[in-house]
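Before any questions on how it binds or moves, here is one chain, the form predicted on its own, in structure tokens.
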Amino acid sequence: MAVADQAQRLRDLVRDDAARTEADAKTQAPTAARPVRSQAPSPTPPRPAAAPRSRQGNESAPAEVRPKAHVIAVASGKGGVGKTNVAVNLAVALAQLRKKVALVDVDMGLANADVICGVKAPYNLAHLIGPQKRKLREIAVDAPGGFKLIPGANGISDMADLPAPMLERLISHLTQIESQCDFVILDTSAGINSAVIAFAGMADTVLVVTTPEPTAVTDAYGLVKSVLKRTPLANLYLLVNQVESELQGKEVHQRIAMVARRFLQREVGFAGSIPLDRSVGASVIRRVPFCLAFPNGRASLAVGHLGAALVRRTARADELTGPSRAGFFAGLGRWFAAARRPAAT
């Protein structure tokens, strides 16, 4: 169906929203969080909020002053579950809550977020590291809804496979985003590879998108298992897309959470669910995010609820950890560098 096909056609978004006040965010968040027709209850934290970046990679590296951006990795065990559409509309929802949001398409093989947004992206991440050496400001696109889109680079198999000089240049550019935004959303590639595991391990929050379809559920658990094996303290939340009822979404989460608890001794949080909604497919055809094309649609209300819940959760996390933490992209660069080092004999 059109909803299931959408995920393969999207990618990176990012918009530098004009500065807005924290008071506006506080007045809007409770309204958006009201569970009116929404299938997405507030995420259930799998554990007390922690500073995930300090626990990754090189523990002896000197601590950096972390810019303010909270990084959310949107991932899926398989394609066709609506991952990119979720990432794009979550960016819209957060921007509507007066947050500065950037969406970075880090799927280096299939970049399509610009298609859903109906924007033209003359440059992408490949132009940061290629012979043209474009600046980040030249690549970033103003996306509908009030956020910045950083288009992904088609044809590059995996960020982790880039030559060291190219990777360093890419990381250097992407680091700029963190100081300019409240949220950075990463639209990762579908499936399980070294880059996805790294993004999920380093991010503040990981949304694993699945559908109730059995193969999607199986692949979602495979992703959860792979991430937790590499990073036991990763903040994983399951988001169940295209559900027929709220109960169906809860049942899918319970199945995955029960297996993870039994075999991995870890908790997987529940970010909620997004209902089947014809407006989603219609918005893809129109090339407009569904939160803008159909703001009162069931899917739009669910994503709006999720955005408000994430804003509340990140505010609590910042209260516990403080504003200064290691930068995501700098830590990601160290992660990839460590992975390339030959093992000690």
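Numbers for residues come from their place in the sequence shown, where the first is 1. Since the model is a prediction, treat every value here as computed from it, not as a measurement.
The form predicted together with a small molecule exists for this protein as well; it is not shown, and the discussion that follows is about that form.
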- line: Of the candidate stretches 196-204, 171-179, 239-247, 142-150, the one with residues having heavy atoms within 4.5 Å of the small molecule in the predicted complex is 239-247
- prompt: Taking the shortest heavy atom distance, is Gly281 within 4.5 Å of the small molecule in the predicted complex?
  reply: yes
query: Using heavy atoms and a 4.5 Å limit, would one call Ala257 a contact residue for the small molecule in the predicted complex?
result: no
Ile274, heavy atom within 4.5 angstroms of the small molecule in the predicted complex: yes
query: Should Val227 be classed as touching the small molecule in the predicted complex when contacts are defined as heavy atoms within 4.5 Å?
result: no
message: If the cut-off is 4.5 angstroms on heavy atoms, which of these, Val104, Val81, Leu94, Val268, is the one near the small molecule in the predicted complex?
response: Val81
